[in-house]
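Take a look at this single chain, the form predicted on its own, given in structure tokens.
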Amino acid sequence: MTEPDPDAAQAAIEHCYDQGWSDGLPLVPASRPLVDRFLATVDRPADEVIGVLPQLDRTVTVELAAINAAMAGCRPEYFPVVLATWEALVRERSTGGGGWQSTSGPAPLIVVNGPVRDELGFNRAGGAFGPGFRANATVARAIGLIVRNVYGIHPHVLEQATQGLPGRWSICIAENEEESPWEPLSAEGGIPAGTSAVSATLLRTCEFVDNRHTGSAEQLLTDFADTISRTGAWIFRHASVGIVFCPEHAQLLAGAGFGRAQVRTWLVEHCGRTVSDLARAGKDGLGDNGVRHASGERPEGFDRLLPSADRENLLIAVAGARNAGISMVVRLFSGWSGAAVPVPARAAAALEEVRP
């Protein structure tokens, strides 16, 4: 086997930088044979259109997605997951509007379920939101490169993020189905348990809840309600959120008789702020467009943050290690579609034909 030429590799990497294709980190040069290996893992035409952004007159094809997945550092066998993730995001109303260009700089939240987690090495346990796992890191990065290179949404150009979100293109987690007391998130999204699938939406930010000192389900949920109801994150009349529970928190709630539906119902009743609390933050009024502003004219009352207990308003998943009571609240950019997308079986025979 010929030894790799580091100088040639460096030149190719610098060429990618010079073309403006990079998100700031080095890219894997996407050669024709490499892209062909990606395309061989799916039974779809290379020129099939899988995404359109009408306001920019830009379209994504299967081949363009494959090129960017290759540059992101994905292995070819990850490509069916990349396509399922992209399809899940296309179903979100916000991604077809101004979501990718918003001043919030929202990030995709990607949740992987089923056998593909172990087949491809997706992390579902400790450090679920952190780095260190190629599948998690590169599938999320592939989405960012598609948005950048196909839609042309670059910082300071078409991307209008005021400050942006740390880890915008890296939030891909696998659900810890083995330690979850509830059915997989994808089963709630219409895909049978045991099937490889992806759920995805856009989020504004992540906020941890560290509560390892109570055995009371209601005390635990009160802590989540307080975090969810923070006035700084409250922009419109209502909001949608998600919770990625650690196994310890999920099992405590389930042991007290709380399923996902019961958690949602409890939080709908308890998430919100009094009018006087909102007035102190200049958010007690509502404009015609539904945006909160200072009013000073409303009588005392209680404004609920969540509009209903529908799963589209409160995504609930389970990930991480069972070593501490630390979970994550995720602020959804808008309502979640509630749908999961199956990951088709990999075309292993075709992949072998083009594997070097």
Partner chain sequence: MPNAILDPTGRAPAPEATPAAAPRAARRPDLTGARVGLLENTKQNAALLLQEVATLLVAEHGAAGVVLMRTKQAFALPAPAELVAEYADACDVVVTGVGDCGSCSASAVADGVLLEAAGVPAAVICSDAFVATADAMAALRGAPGYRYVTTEHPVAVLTPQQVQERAEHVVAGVVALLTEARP
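Positions refer to the first chain, counted from 1. Note that this is a predicted model, so its numbers are computed, not measured.
Form predicted in complex with the partner chain: not shown, discussed below.
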Would H15, P33 and P54 all count as contacting the partner chain in the predicted bound form, using a 4.5 Å heavy atom cut-off? yes
Which of 289-297, 321-329, 41-49, 305-313 sits within 4.5 Å of the partner chain in the predicted bound form, heavy atom basis: 289-297
Taking heavy atoms only, is L64 within 4.5 angstroms of the partner chain in the predicted bound form? yes
In the predicted bound form, is there a heavy atom of the partner chain that lies within 4.5 Å of any heavy atom of H156, even though the partner is absent here? yes
Test of understanding: in the predicted bound form, would G97 fall inside 4.5 Å of the partner chain by heavy atoms? yes
Is there a heavy atom of T231 lying 4.5 Å or less from a heavy atom of the partner chain in the predicted bound form? no
Of the residues L203, I110, M71, V139, which one places a heavy atom within 4.5 Å of the partner chain in the predicted bound form? M71
Which residue, Q101, N176, S240, S170, has a heavy atom that falls within 4.5 Å of the partner chain in the predicted bound form? Q101
